[in-house]
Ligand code: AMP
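Just one chain is shown here, as structure tokens, and it is the form predicted on its own.
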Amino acid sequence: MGIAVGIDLGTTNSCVAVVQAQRARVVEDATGKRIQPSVISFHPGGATLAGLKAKERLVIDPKNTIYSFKRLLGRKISSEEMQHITGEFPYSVSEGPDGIPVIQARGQELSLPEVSAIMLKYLREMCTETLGVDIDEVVITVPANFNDVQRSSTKVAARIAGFNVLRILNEPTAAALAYGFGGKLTEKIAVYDFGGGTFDITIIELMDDIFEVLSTAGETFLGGDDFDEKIVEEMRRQFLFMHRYDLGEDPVAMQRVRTVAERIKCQLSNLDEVEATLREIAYGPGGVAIDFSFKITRAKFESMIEALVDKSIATCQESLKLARLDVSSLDNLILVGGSTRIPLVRRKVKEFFNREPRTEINPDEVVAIGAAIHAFSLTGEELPEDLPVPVEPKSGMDSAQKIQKTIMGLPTPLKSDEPSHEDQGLDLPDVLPQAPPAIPKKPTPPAPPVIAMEPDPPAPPIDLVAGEDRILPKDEKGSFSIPMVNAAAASTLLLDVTPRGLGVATAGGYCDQIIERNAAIPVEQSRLFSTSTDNQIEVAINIFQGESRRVEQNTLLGQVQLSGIRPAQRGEVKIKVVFEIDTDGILGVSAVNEETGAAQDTRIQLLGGLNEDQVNALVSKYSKS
């Protein structure tokens, strides 16, 4: 085996790390950026962009710029949650084979594993450029609560990107490895992982060099994106009240609002109040440009998101109950994910667990670092010392509890002739007064002559947001630590669990569970079933994930067909169904006719939207690009 990296493919941002000179280090891009936005953009010139360059196009070309695609992975588009979030996206998401979402952009249709693969290929090329060596082996992380289709789709995406996947690793387990747990310790730790799109809580027991997951619980539709959306809703409501025009009718304007909302959220971790101004966000009668000023306090923001944070705490209670523990049984608490920087989140977590959390490793990087350590443990090889060493993180900045106006994050003095907007309160009436007709959009210029490639639209005006982007909370002054690779931690045995129960549909609409939730993996379980009707010559075994006894309340993962059954009376022919979960948490199912020994098996990733031939075609496509 060769040198391998660890990749945290996140909903909002992604990060890559590698072990070099006995230290796990984050791999930077050519400009020194350590965190890469999980964004893909299809340029009118034919190029496919990823990372920061793609994110910069969100406000220019939102229809062809894809973000938060991890939230769509392995889901049925018909679900209520999916209908809600896809309706908010400026890009087009439609129903593909088996109800799996597909994305349309720039005249092409892409599956979600393909979109994920584009991001992973960009990260792989970034590593080659920065480190000077080709990297083709990886440990890639997923939320602990990811289901089988989501895990399989992630592995397929990595394969398309040219990686050999050494292991699919749960993000909380990776975080525990990054903190150097292991060795001659016996303790129980909780990993509270609140990212951009998902929330997980995992309880891990350490016994010498064994990491055993006792329980995991989570919400795959709960994250920082939902906090952003609360601010977006408030901005949209206020603009409607003031100008009688719904910004939701203009995709470009809405993307500018979302971009500013994310920056506001970050500033409110450091400032008591934030003010933002969006220039020329709409146009009034006669084409007169309208600026929109928005002000929000941290207290107001916390009241808007408190129910979401409380939902995460309730999930923590569920995880402890599954592990048959209480908070007093825990020895350590780790925070993971950018959303844990929010002061309200930290207060709620500290109050629930009754202890100070561990935060000395950057929560945006800790998962990738742990994945790199595990990759090192699997290959035994690290980067030579004479290869380029990334720059250590810069120190955190002191927060200023006052409002500053900035342009693109650079502080500028507040001009005396600029309005203070102090009269614009946030407690607006629920019933809006009668008002003039809706504001028309900017006058449409004459259509340009037909050309081969559509040009980029003009860039929108610069929006102003108080504070400085991505500064750290008050209690995170100084540099984050870069962990040494603990030899014991690097050679630990990881015993993970399956996050949901797995079973098959039986007569009467019931689900017979074969593998229980939080069963240790790898695991194999089997169950005997019989034919349900006379002269039955074929059975279709529907595989479900979930804990309910009713199939309609669980998630259909796939189906195994077994044919060639001898015609006989109902119940006479026996069929053995075997469920096997490997170390990546991916399920394989087989059905065996007990009379003949004939068997049929499947890997559930085939129902993630791509079959084996399609995967091979994409591997070939991206190996040539």
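Start at 1 and count along the sequence shown; that's the residue number. Predicted model only: the values in this text are computed from it and were never measured.
Below: the form predicted together with adenosine monophosphate (AMP), not depicted.
In short, of 529 to 537, 134 to 142, 337 to 345, 351 to 359 it is 337 to 345 that has heavy atoms within 4.5 Å of adenosine monophosphate (AMP) in the predicted bound form. Residue in contact with adenosine monophosphate (AMP) in the predicted bound form (any heavy atom within 4.5 Å), chosen from 224, 370, 113, 172: 224. Of the listed positions (219, 262, 205, 280), a single one reaches within 4.5 angstroms of adenosine monophosphate (AMP) by any non-hydrogen atom in the predicted bound form, namely 262. None of the heavy atoms of residue 383 is located within 4.5 Å of adenosine monophosphate (AMP) in the predicted bound form. Taking the partner from the other structure, adenosine monophosphate (AMP) in the predicted bound form has no heavy atom within 4.5 Å of any heavy atom of residue 20. The closest heavy atom approach of residue 266 to adenosine monophosphate (AMP) in the predicted bound form falls within 4.5 Å. By the criterion of a heavy atom within 4.5 Å, residue 196 is counted among the residues contacting adenosine monophosphate (AMP) in the predicted bound form.
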